[in-house]
Structures are given as structure tokens and as C-alpha cells.
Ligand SMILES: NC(=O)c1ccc[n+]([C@@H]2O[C@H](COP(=O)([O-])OP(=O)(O)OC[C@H]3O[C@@H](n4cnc5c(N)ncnc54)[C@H](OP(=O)(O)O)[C@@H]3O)[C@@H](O)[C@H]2O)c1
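Single chain ahead, written as C-alpha cells, the form predicted alone.
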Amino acid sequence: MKVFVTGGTGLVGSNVIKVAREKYGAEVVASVYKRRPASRLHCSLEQVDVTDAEEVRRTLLRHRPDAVIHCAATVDMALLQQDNAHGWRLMVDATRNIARACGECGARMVFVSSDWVFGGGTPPYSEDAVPCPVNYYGLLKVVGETIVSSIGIDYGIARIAAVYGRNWSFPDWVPEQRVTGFGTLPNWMLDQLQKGERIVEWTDYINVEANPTLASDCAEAMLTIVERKKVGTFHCCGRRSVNRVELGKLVAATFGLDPAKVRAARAEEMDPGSVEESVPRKTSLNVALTESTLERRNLPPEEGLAVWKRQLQSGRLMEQRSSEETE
């Protein structure tokens, strides 16, 4: 199997490369744009501007992969709001370019989407729930899903949520600050707790609950979609949602740190004027249909954090599936 991965230096992309090579024995080609990986990924690298349709077409026709997993995107919410056109080029035009090239070279496409296609009004959301984004990022992902599912190719839409884990392209990377959303939040929490810092998390207003997702686990789900030739929309995220305080205490307990260092913010510490309004409140996803269709069990938060701990300690991907694939 030959797999082409866009966004190979990102957290998700680097784990797709790692899982594809080590668990599936795949030949992997990855696109990079500005950043070169600090650590060797053991795959072929192509510098590709995914917003350039002809460059994308030439690259995929030259490599003729069996599947393309499209991870490249931006999560810079401020940039997206300031420059809508840039976001559209990167997350809509690029997706269309890749989908068309997949159709021409006969490759399956897995499009990495997000729980933020939902606005947080009526969770948990099933795979066939109607999207209802509340911000531009969510809207761009919905448009991407629509393109991929309607252009006439073999496709999978992989919605992920609250992704954390080891970036194999930059093994020493840690977030510089707490994020508004859940993505990489466990990475930041672990860094703070290891420094002896206290963590005070809000319990109201925005993004208070989501499904923490180990990057290598969602990568394995995406490759299962490819291997088993499944078509449709899948929730490739953690099995269960938690709130921010629960997540912090789970991180502390997993790494043998003090859960008492994590507490909920008091009412006077939660200023709604200091946070972004256009962020979903609760984006809990239901994974039952995905688990049944892919015949694999998504990792719940406790197990995902335990696997992440082993990855950090060993420097290896390691076996992450339990002996029972499903319950």
C-alpha cells in the first residue's frame, strides 16, 4: 500500500506517517510546505503547495498513491478571522485540488475534519447529524466535507476532536500557552503540571466538553478506513467526552502528578468577555456507528493517555490496541 499524507509535519500527519509505516508496512510520501521535520520520519518528503492545483495534480500523478490522507490545515483561529480568503484557499481550494487529483489518479481520499462542524447545541452528535458550525473554521470543514463527498471519488471523512500526543516530526514540542479549544490541551497541561504549576479551567461559556483523541489512535482509524475500503463519515476520536477539569485530573493521575493541582475556575474567574464567542460549547461525538463499521474500538481518555505516556517514555509508537478490538 502506498499512502500520500498532506501536512506531514503536523501532529496528526506525523502520526499517520508513523502508523502507516510501522503498523501497515506502507510506503509513505508526505507533503511539507514551510517547515522541515526536526526528526527523521523515514518516508519520502515532497515540498508541495496544496493551494496550487497543477502542482498537486503533477505530484499525485507522479507518485500514484493508493490513498491520500489530507491532514494539512490551519488551526490559527485569529488568522482565519483576519484573512478569510487565506483560510478558503488553504482549507477549501486545497481540498478540492486534492480530491480532483485523487479522481484522476484513482486514489482513495480520507479528509480530516473536526468536531467543530457542530455548534454544541445538542450533543452528543452522531456521524449523520446535520452540521451546524458557529465559526469560520467549522464552516470551512463543512465545505471540505461537502466537496469530498460529492465529487465522485472513493472517500472517507474522518472527524477528529481534541487531539493530543507526540508529534514525531518535532519530538520536543510543547504548546507555549493554553489553547481555547481542546486540541493539544493535554500536552499543555502535562507541561504545566511537571513544572509544579496549578491549572484553573473554566466550566462554562465555551468549549467545555469534547472527546480527547490520541493522535496515533485517530491515525490508526484513518488507515483502517483505507485498508477496509470504507466510504462515508467516521468519528475517529476518543470514545468518551470529558470536561476540561476532568481532563486535567486524568492527565495528572496518568503521569503520577498531583490531581489537586487542577481545579475548576470560580465564577469571578470566568470572564465571558475574555474568551472568543464564536467557539462551540460542547462538541461531544458519538462513536458507536464508527466502531461498528470499522470493527475497532476507539480509545477512551484513560487508555489514550496511558498509551501517550508510554510513547513519551519509550520514544516508540508501541502497540496501542487492547486484545479486544470491540466490547
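Nothing here was measured: the structure is a model prediction, and the numbers come from that model. Heads up: residue numbers just count along the shown sequence, starting at 1.
One more form of this protein exists, namely the form predicted together with the named molecule; it is left out here, but the text below deals with it.
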Within 4.5 Å of the named molecule in the model of the complex by heavy atoms, the stretch out of 58-66, 254-262, 26-34, 293-301 is 26-34
Does at least one non-hydrogen atom of R166 fall within 4.5 angstroms of the named molecule in the model of the complex?
no
Is A161 a contact residue for the named molecule in the model of the complex, using a 4.5 Å heavy atom cut-off?
yes
Can Y125 be called a contact residue for the named molecule in the model of the complex at 4.5 Å between heavy atoms?
no
Partner contact for T9 in the model of the complex: the named molecule, 4.5 angstroms, heavy atom:
yes
Report yes if all three of N97, D154 and V226 come within 4.5 Å of the named molecule in the model of the complex by some heavy atom, otherwise no.
no
Give me the residue from A73, L190, L140, V242 that has a heavy atom within 4.5 Å of the named molecule in the model of the complex.
A73
Which of V287, C43, V279, V50 has a heavy atom within 4.5 Å of the named molecule in the model of the complex?
V50
